[in-house]
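Only one chain is given next, in structure tokens, and it is the form predicted alone.
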Amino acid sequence: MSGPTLTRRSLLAAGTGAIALAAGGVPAMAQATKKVRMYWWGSKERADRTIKANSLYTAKNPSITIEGETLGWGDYWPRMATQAAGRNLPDVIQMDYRYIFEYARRGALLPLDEFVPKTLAISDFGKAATDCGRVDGKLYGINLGMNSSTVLYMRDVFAQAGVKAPNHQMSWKEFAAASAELTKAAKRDGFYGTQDGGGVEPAFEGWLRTRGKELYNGDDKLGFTAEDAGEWFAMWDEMRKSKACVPADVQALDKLSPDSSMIVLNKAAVCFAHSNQLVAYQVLTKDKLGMSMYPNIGPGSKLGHYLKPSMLWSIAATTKNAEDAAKIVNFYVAEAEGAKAIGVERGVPASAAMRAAISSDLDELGKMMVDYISFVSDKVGALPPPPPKGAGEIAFLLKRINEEVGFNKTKVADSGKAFVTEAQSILARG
């Protein structure tokens, strides 16, 4: 029996560096005649599940070898940009909603409409869960699971301290006060109420949406002002001063991956994540985690959350194995064996049939994630306009400006203007 080839150049905790995997761990036998390359970001938990799914697939399809490589989020996109420029993209690519428009419009991704419904059996996804993978009317991404932003928090720490846990009926001001109270009540050296979320784009977006603003307005322009951004950076600066959140030098350890997060490093009782990441975070910490929506009360009291594809599968335009790549994608999203292998770590399946297929196998964490999506579903606004080219770079810019404020390299009064000016320059050059 053939299995996917696995070449481990280094096996590190996801996010700290590359995990070069060919998903499976079993050398390919001579009968394997086709090689499909797969590329994804994520934790070791995701890597293990992906390896398992690919092994199951190749066991039934011994002529296929699946070679995989995974990186942490921060390293994933620079490497992908390099591969795209060299026309050397992997065949199957884990894609994010923020980047799919950029890569589709530059011709790097293959339109998938011709594979529906014969190869890609996604008819029960529903229109919204399907259309989130469309760019300019063509299908370039297949929804791997639905999710929403979330606040993860240490349940027992809040309960034992007698501090109100984060919830959507809080304002951000109340969240800051509760975080400062938790820092004092926990009485643990080097431990704070929350991570510094000033550089976390989904948190910034959620905050903006409660005020009736968007990150982008649909015309490839910013949907907020320098004053808005300045107020955001100032809020987190005040939280650093009140010790509600970790100091700048500690937050700098966070590389935007679960293993380097403040909650996993035991530096804070709260962190900001996506709902599908619960599994990855819980595996890495002994503290039982709870899930909450962002503080959702503020000026205007608009709906801050929305449902989005946690990620999508795309296929490179340069692939020489398009049909085989599409079949592998279908195994993940529309075949019970594949869906059970990945569970809900990548989000709650868009397919009603797959949700039913995995329901009996879900553990406590899986059920929490499904329940969370059910809970937020009637409390969300519309999916925002697609992010423009350069949006990924702007997300990293947000982190940098927040760090500069934290390290006193940029004045709070100048932070909003500095961020917006540079962000507009990024958008202008596309």
Partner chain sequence: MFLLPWLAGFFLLTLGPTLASLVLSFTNFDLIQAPRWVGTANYERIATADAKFWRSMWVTFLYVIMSVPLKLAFALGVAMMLNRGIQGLPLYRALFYLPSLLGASVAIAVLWRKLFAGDGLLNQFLAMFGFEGPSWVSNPDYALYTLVVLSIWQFGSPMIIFLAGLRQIPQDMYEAASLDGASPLRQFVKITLPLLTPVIFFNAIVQTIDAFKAFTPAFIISEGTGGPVDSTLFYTLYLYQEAFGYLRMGYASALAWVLVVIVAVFTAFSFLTSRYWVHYDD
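Definition used throughout: the rigid core is the maximal C-alpha set that superposes within 1.5 Å between two forms. Positions refer to the first chain, counted from 1. Because the structure is predicted, anything quoted here is derived from the model rather than measured.
Only in words, not in the display: the form predicted in complex with the partner chain, which the text now covers.
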Heavy atom distance at most 4.5 Å to the partner chain in the model of the complex, all of Lys34, Glu337 and Asp361: no
Per-stretch contact check against the partner chain in the model of the complex, the hit in 286-294, 103-111, 179-187, 202-210 (non-hydrogen atom, 4.5 angstroms): 103-111
Contact flag, Glu45 vs the partner chain in the model of the complex, heavy atom cut 4.5 Å: no
Contact label in the model of the complex: Glu393 to the partner chain, heavy atom within 4.5 Å: yes
Close approach of Ala234 to the partner chain in the model of the complex, 4.5 Å, heavy atom: no
4.5 Å heavy atom contact, Lys255 and the partner chain in the model of the complex: yes
In the model of the complex, the one of Lys267, Arg134, Lys327, His168 near the partner chain [non-hydrogen atom within 4.5 angstroms]: Lys267
Answer option from Val116, Ala356, Ala159, Ala85, heavy atom within 4.5 Å of the partner chain in the model of the complex: Ala85
Any residue of 375-389 that, in the model of the complex, places a heavy atom within 4.5 Å of the partner chain: Lys389
Per-residue C-alpha change between the shown form and the other one, Lys286, threshold 2 Å, rigid core fit: no
Core-superposed comparison between the shown form and the other one, Ala84 Cα displacement 2 Å or beyond: yes
